[in-house]
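There is one chain below, alone, in structure tokens, taken in the form predicted on its own.
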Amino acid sequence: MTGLLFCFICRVLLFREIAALVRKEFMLEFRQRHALAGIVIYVISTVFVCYLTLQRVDKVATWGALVWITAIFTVFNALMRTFQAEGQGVQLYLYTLVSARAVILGKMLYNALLVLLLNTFSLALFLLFLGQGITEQADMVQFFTGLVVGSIGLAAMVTFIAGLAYKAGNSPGLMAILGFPVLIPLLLSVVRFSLHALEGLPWSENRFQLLVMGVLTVSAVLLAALLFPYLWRE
């Protein structure tokens, strides 16, 4: 009974720490609005250049590829500064206040919300400028579900990779070198799921890819929660 009570208290404290860290990230983002504005301008300019170049996209595969290419670059641009904004002093201060597991899970949760918001905005722009004829046979509810799960998975993986790159000296190219091989399985599942959704296939024929995306996302979160505390001690 005492052990169960102790575990319950530890989980409550962990959730409180995660909530406080997410609130801290939102406050920092609000104070540094120029960084977020730069990413939003990047998304708008990318979609507008695609519109000026193509005018109309008839193939669903091409349209889906453009959406996810924009999403991938948005993820890396948005999350590359996950640990860069915090100096060594801030890291040491957090080390005395909260657990390492709360730090990585808090950053993952905030980054997932940020990436989901940006990718939803990007999807809305693609539908506005290049959506003619694409949504006629597509299952957009299914496509948006894939966008949500894929965005959360990408955010979780890239957040952990950003932590590895930060501890390894924060080399500019290290995050991309580490990130691309790790993201390949998730990207394959996301692209296949999105293509099937755009082709109008039913959920029953597409649920395996959604299951794979969910398993990869949960695995990334669990690995980060288990391994990051050892990494943060260095």
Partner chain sequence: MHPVLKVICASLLLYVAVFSLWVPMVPGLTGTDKREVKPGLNTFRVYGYRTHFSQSSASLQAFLEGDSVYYCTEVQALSDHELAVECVLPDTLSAPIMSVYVNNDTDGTIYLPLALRTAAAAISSGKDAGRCEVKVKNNVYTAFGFPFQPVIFESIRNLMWHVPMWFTMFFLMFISVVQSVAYMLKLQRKPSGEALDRQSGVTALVHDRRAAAAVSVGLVFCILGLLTGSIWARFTWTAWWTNDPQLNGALVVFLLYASYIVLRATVEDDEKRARLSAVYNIFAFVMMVVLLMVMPKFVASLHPGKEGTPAFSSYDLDASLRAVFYPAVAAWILFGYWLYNLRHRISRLQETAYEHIP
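Residue numbers count along the first chain shown, from 1. This one's a predicted model, so the numbers in the text were calculated from it and none came from an experiment.
The protein also exists as the form predicted in complex with its partner chain; that form is not presented, and the subsequent description refers to it.
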item	value
Partner-contacting position among Phe73, Phe144, Phe121, Tyr95 - heavy atom within 4.5 Å of its partner chain in the predicted complex	Tyr95
Single option in Ile69, Val182, Leu36, Ile44 placed near its partner chain in the predicted complex, where near means a heavy atom within 4.5 Å	Val182
Non-hydrogen atom within 4.5 angstroms of its partner chain in the predicted complex for each of Leu54, Leu195 and Trp203	no
Phe160 within 4.5 Å of its partner chain in the predicted complex, heavy atoms	yes
Non-hydrogen atom contact Leu178 with its partner chain in the predicted complex at 4.5 angstroms	yes
Leu174 within 4.5 Å of its partner chain in the predicted complex, heavy atoms	yes
Partner contact for Phe208 in the predicted complex: its partner chain, 4.5 angstroms, heavy atom	yes
Stretch in contact, per heavy atom within 4.5 angstroms of its partner chain in the predicted complex, of 187-195, 28-36, 45-53, 60-68	187-195
